[in-house]
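Okay, here we've got a single chain as C-alpha cells, the form predicted on its own, with questions on binding and movement later.
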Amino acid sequence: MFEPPKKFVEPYIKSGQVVADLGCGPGYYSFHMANILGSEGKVYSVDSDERVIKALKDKAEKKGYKNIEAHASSASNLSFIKNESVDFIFANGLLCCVAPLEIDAAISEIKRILKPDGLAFLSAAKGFGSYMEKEKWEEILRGFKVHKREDKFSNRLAEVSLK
C-alpha cells in the first residue's frame, strides 16, 4: 500500500494547492505533499486512529510544518473541510477499510469536498481483510469520471474526477 510518493503524489499536485490525505496513517504521504505544496498550500491529514493523528501532529509541530491540518475522523465525516475546496484527494487503501455501512457516506464526502476540476486517487485492497467487493468498487467508479484505472494482484487503483 505504500508506493513511492513520487509515483502517486507528485504528478497530481503543485505548490499552493489544497489536498486531502484520507486514511493518512502516520503521514507517510502527508509530509511529502506538504513539502510540495509549500507555505501557501494545505494538507488535510485524516485518519480514524486518534493515536496516529496525535503522532502526526507531534511530528509536524516538531519539524515546523504549518501547512498540515490533522484530524482524527472517519472519511464519512469531513465536516471540517469546506465544500468544493480540495484540489486533490489521496485515498490510498482507504475504501477497503471503511465499514460497509459508511462507504456511501465517505464517497459523498469525497465528492462534496473535491473541486469541480479536482482529481482523486482512490485505491482499495482486495482479498482477505478487505470490505471492498468488486461490485461495490465498480459502483463507486460509476459515480466518477475515470481517467485511469488498474486492477493489480492485491489492489484496485483509480484516478478519478467529478463528472
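Residue numbers run from 1 along the displayed sequence. Since the model is a prediction, treat every value here as computed from it, not as a measurement.
The same protein has a further form, the form predicted in complex with a small molecule, not shown here; the description that follows concerns it.
Of the residues given (113, 60, 98, 36), 98 alone sits with a heavy atom within 4.5 Å of the small molecule in the model of the complex. Partner proximity in the model of the complex, defined as non-hydrogen atoms within 4.5 angstroms of the small molecule, places exactly one of 37 to 45, 133 to 141, 61 to 69, 24 to 32 at the interface: 24 to 32. Using a 4.5 angstroms threshold between heavy atoms, residue 75 counts as touching the small molecule in the model of the complex.
Residue 104 falls outside the set of residues with a heavy atom inside 4.5 Å of the small molecule in the model of the complex. A residue is said to contact a partner when one of its heavy atoms sits within 4.5 Å of a partner heavy atom; residue 122 fails this definition for the small molecule in the model of the complex, lying far away.
Although the partner is absent from this view, residue 56 stays clear of the small molecule in the model of the complex, with no non-hydrogen atom inside 4.5 angstroms.
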